[in-house]
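The chain below stands alone, shown as structure tokens; this is the form predicted alone.
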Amino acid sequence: MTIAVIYGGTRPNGNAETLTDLAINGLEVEKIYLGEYLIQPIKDGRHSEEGFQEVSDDYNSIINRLLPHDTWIFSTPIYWYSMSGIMKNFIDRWSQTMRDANYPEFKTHMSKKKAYVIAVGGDQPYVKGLPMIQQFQHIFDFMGMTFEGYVLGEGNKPGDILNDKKAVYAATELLRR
């Protein structure tokens, strides 16, 4: 089993990254920081004659790194009660990849993946973060991915997450599993 972590934060060493790092401590993982890449928003070509057009950005290089891994961990701050914008752009682009001749059977490959979500927010994330978790569940269901679990935590300023003992415990339990 190989693991990739997809970090959706834009602040280096942010709370979501810190909590995720507790969950993967000592494991060999491939870390991908979406904030270090240019990922253009999707231009929906599903219903046009031309279809989706080639996009000149870093998205395909990220997908190429991720596809060999069995388990994907999505790590995101909770921004406005959802995943970060860069994480959403990344997932939105899957629509294009499903129709890209360079990625035949993309959805079939994705259906063999296990997924986890680790997210941190500052405004009652144990309640207000649940719609985002449900959103991920729908995304994973659509792709046929197995949603193995999630960890939510509360933190606002850098390092705050370490004060959320419930989240720290949940992350270390995830590591143990």
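Here the structure is a predicted model, which is why all the values come from computation and not from measurement. Note that residue numbering follows the sequence shown and begins at 1.
The form predicted together with another copy of the chain is left out here; the points below concern that form.
**Student:** With the partner left out of view, is P41 within 4.5 angstroms of another copy of the chain in the model of the complex by any non-hydrogen atom?
**Tutor:** Residue-level check for P41: yes, a contact with another copy of the chain.
**Student:** With heavy atoms only and a cut-off of 4.5 Å, decide whether I3 touches another copy of the chain in the model of the complex.
**Tutor:** Outside the cut-off, so no.
**Student:** I'd like to know if S82 sits close to another copy of the chain in the model of the complex, meaning any non-hydrogen atom pair within 4.5 angstroms.
**Tutor:** Within the cut-off, so yes.
**Student:** With the partner left out of view, is K31 within 4.5 angstroms of another copy of the chain in the model of the complex by any non-hydrogen atom?
**Tutor:** K31: no, not in contact with another copy of the chain in the model of the complex.
**Student:** Ok, Q134, S56, T108, Q53: which has a heavy atom sitting within 4.5 Å of another copy of the chain in the model of the complex?
**Tutor:** Selected residue: Q134.
**Student:** Does any residue in 80 to 117 get within 4.5 Å of another copy of the chain in the model of the complex, counting heavy atoms only, and if so which ones?
**Tutor:** Contacting residues: W80, Y81, S82, M83, S84, G85, I86, K88, N89, I91, D92, W94, S95, M98.
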